[in-house]
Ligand code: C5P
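The chain below stands alone and is given in structure tokens; this is the form predicted alone.
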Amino acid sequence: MKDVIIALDFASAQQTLSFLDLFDVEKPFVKIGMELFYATGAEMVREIKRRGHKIFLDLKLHDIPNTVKKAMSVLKGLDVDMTNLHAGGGIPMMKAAVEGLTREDGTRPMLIAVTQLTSTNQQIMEQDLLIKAPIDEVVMHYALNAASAGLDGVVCSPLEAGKVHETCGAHFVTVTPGVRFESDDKGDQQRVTTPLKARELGSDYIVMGRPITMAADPVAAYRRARKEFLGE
């Protein structure tokens, strides 16, 4: 299933709920990232869930396997629909995360791995991280690791979505930030594209923040994104 996810990049509960109040018809799939979660805590997750929204809890866990497993065992009680970690933590960490996130009845939220941030480019990889391989090769290697660990998909650039599906299978989900309307500024993103292009490239979910949250009419911007990405 494809969808548009709105990144709720706000610093307070008031800003967040005021924004969501604008949507009196739709109940958008939303992303709660570190800024909002650290500012408002688990209660914000519960409140947004009570309002009927699907939630991607974007905390990008990255630690030793036991710590990540215990953290995921806490997050599974928040009834989110999707959460994530850094594939760079390795296969044992990702397997531990799946164990921690799985409920007693065998169900769990969708679990995806961050391959490389969309703010990362080849120069940063080589100079800052000392990773000499081409960035698309690294992304595919991390995606294969995530698949082998039992995860459901990856966070990647829309530019890499099609190749991820070729490498890991059509069922392996691609969640793609770095999506902007044609007229938007790129901001701090390096590898970006439009909703329409993301659809053509094979993205399953696109994540859009400022192009919607900072728009003069956020509801209209959200509907535009859905029309371009989903053809609605």
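Rigid core (definition): largest C-alpha set, two forms, superposition within 1.5 Å. The first residue of the sequence shown is number 1, and the count goes up from there. This is a predicted model, so every value here is computed, not measured.
Beyond the structure shown, there is the form predicted together with this ligand, which is absent from this document and is the topic of what follows.
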| property | result |
| --- | --- |
| Heavy atom within 4.5 Å of this ligand in the predicted complex - the one residue of Lys69, His53, Lys163, Arg180 that qualifies | Arg180 |
| Contact label in the predicted complex: Ala87 to this ligand, heavy atom within 4.5 Å | no |
| This ligand contact at Val155 in the predicted complex, heavy atom, 4.5 Å | yes |
| This ligand contact at Gly209 in the predicted complex, heavy atom, 4.5 Å | yes |
| Thr83, heavy atom within 4.5 angstroms of this ligand in the predicted complex | no |
| In the predicted complex, residues of 99-128 near this ligand [heavy atom within 4.5 Å] | Thr118 |
| Displaced residue check between this form and the one not shown: Ser119, CA, 2 Å or over, core reference | yes |
